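Okay, so here's just one chain, in structure tokens, the form predicted alone.
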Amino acid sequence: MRVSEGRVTVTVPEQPEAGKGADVFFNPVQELNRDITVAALRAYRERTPRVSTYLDATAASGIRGVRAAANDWETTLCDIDDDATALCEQNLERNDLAASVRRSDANVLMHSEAFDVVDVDPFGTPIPFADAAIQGTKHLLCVTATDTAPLCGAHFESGVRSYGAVPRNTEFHAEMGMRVLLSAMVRTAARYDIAARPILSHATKHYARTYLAFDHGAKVANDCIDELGYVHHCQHCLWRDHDYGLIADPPEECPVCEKHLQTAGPIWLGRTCDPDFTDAVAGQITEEMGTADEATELLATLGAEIDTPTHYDQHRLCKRWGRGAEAMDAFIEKLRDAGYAASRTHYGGTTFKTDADVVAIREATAE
């Protein structure tokens, strides 16, 4: 089956029947992810002109690496599977592109060679590749995680094992998963005196994706660790708070309804996007991208999100309060009129961020 994305046309495996796996994995749902990746690579090269080498560490069909090569990156495509590397070579030839194709364990390659940009987009959790990817990255590490149930706490024990944190399945579960992933990557990088700071992140269509810019040195790594901490959440009235540090110190009970609190962490509490870089990525979205409209809308929302570590769902709140929901723009405007910062989020159509607590939200948006 042939697929066209951006500037390239590639051969990918036919979609398997239910219960049967393809020899080489290809996920058409990830086109948005790949379109934004191309735009992010363009924006990052403008920001850091010296970068030139790109590794697609888990290449499969090679579509991500082929698209990087079509954008003038010195590209290496890596996969341990013979069929995958053969397909990568075929897809490069089809598009008259030059790149290096390596049949290798990605961890072995990343421990032995370093690249300006490394992209880890595996099936499931990226954690088995984390140490090697950090060792093999000079400037920018791009990471996808598709194991959203462990990340957000729906599969609690698996999340604890994989990510070394306590995830909680809250109404802001997609953001919980993103921040659990970021925490794990930041902590792993810090072991090597590397600050891995997210400059673009999104949780979309059952995956989390982040772009981590590297800086080297113990002090900057410590600064990143200082942005880890815990969220304390009430399942009854939806109040929440957070505090920084690696030792959890939760309140004894919810200050609003006096019920038990759930604590999650350590998670990343800092910014998940650099607004300037997010705007630059938006400027690199082009018409040949199949998800150009969706990507532009997503990036605009990301760039406008205020900096808080959790978000609310208006429908969840209104259901708890026993009142009807209203148009999101009107709801957010009421918060702003009351003196609070507020923005919509990319996590869902009825979600928002604000610096108001749950009591203030209810009072500010009352009829």
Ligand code: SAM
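Just count from 1 along the sequence shown to find any residue number. Because the structure is predicted, anything quoted here is derived from the model rather than measured.
Not on display, but discussed next: the form predicted together with S-adenosylmethionine.
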property	result
The unique member of Asp105, Glu253, Asp193, Glu89 whose heavy atoms fall within 4.5 Å of S-adenosylmethionine in the predicted complex	Asp105
Proximity to S-adenosylmethionine in the predicted complex, single hit among Cys237, Ala292, Ile80, Ala149 (heavy atom within 4.5 Å)	Ile80
Proximity to S-adenosylmethionine in the predicted complex (heavy atom, within 4.5 Å), stretch among 44-52, 324-332, 60-68, 301-309	60-68
4.5 Å heavy atom contact, Asp121 and S-adenosylmethionine in the predicted complex	yes
Interface membership of Phe129, S-adenosylmethionine in the predicted complex, 4.5 Å heavy atom rule	yes
